[in-house]
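Presented below, as structure tokens, is a lone chain in the form predicted alone.
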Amino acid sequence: MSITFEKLSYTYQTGTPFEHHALQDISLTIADHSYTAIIGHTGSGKSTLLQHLNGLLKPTSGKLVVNGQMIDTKTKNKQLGDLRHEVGFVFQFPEAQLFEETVLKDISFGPKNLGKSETEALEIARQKAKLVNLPDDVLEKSPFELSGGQMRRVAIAGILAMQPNILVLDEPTAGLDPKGRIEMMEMFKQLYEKEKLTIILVTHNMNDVANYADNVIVLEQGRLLRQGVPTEIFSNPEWLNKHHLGLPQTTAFALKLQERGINLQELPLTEKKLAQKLAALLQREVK
């Protein structure tokens, strides 16, 4: 089942001098089991859009439907329990939410709150710890003894223990070094492929969009600017430049090659695609 926004608008502090139209007339669909990246400048409405997905915010007008459940201006908080189990949120620095004595207790906290027995909750916790590549020898340690990257994995395992079908990632690699960032993004890729989750990623990193997403939503000043597959979104550098959006590094390099007379026909998004195109050109030259 998909996620559908229908003419959704949201205004902060309505009727006050500080009134701000954060989202305006958003209509779009996110397909089930897609990997969607949402991009746009700070203030474009990305985080506001995310917070509608599990009812943290409710529309000022319009509606959205998440896997069959509708949220509109009249939706009550008590109607959102099932939805909030359906949608798991990984905010920036999720490790700040850790609080239990041990890793295992922290991950099992959510399932116990959902009515699972102690035994069931701990078994789910062990499964999710394994899923995020936490070694067995850290499970009985305090999460605060772990590295920053491991702490983040504990927090993500705790979200996965709630068994959501949709995983929302709001700049999930913030503060990580390059190696840690790649490991984290590869972990989300594995979750997407093996657990069949729908992934929604907010990021400023165009390399991550190119390498992982199959659907891209572009927001600007609270409005939907464009939606499409990454090859469509990154095919027009002039349009991106006009809207102050960057290119993936590989695509930017390929553009410079084209400017120097190397005809690649279309701009590749990833290193692998660029290597294939250059290899094909070299083979033609040899012949």
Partner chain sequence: MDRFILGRYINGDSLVHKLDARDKLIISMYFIVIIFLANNWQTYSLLLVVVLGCVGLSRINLGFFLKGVSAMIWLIIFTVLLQVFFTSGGTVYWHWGILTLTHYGIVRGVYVFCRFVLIIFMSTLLTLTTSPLEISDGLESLMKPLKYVKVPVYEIALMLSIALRFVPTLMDETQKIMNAQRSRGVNFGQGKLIDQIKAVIPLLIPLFVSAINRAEDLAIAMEARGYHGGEGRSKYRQQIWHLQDTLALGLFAIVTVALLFLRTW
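Numbering follows the first chain given and starts at 1. A quick note: this is a predicted structure, and the numbers were derived from the prediction, not measured.
If you look for the form predicted together with its partner chain, you will not find it shown, but the lines that follow are about it.
Contact with its partner chain in the predicted complex, judged by any heavy atom within 4.5 Å, is made by just one of 162, 202, 121, 146: 162. Of the stretches 67 to 75, 181 to 189, 102 to 110, 124 to 132, only 102 to 110 has residues with a heavy atom within 4.5 Å of its partner chain in the predicted complex. Its partner chain in the predicted complex is not approached by residue 212, whose heavy atoms all lie more than 4.5 angstroms from it.
In the predicted complex, its partner chain sits beyond 4.5 Å of every heavy atom of residue 48. Within 4.5 Å of some heavy atom of its partner chain in the predicted complex lies at least one heavy atom of residue 158.
Shown alone here, residue 139 lies farther than 4.5 Å from its partner chain in the predicted complex, counting heavy atoms only.
Using a 4.5 Å cut-off to its partner chain in the predicted complex, not one of 24, 27 and 175 places a heavy atom inside that distance. Annotation for 86 to 107: interface residues with its partner chain in the predicted complex are 89, 91, 92, 93, 96, 97, 98, 99, 106 [heavy atom within 4.5 Å].
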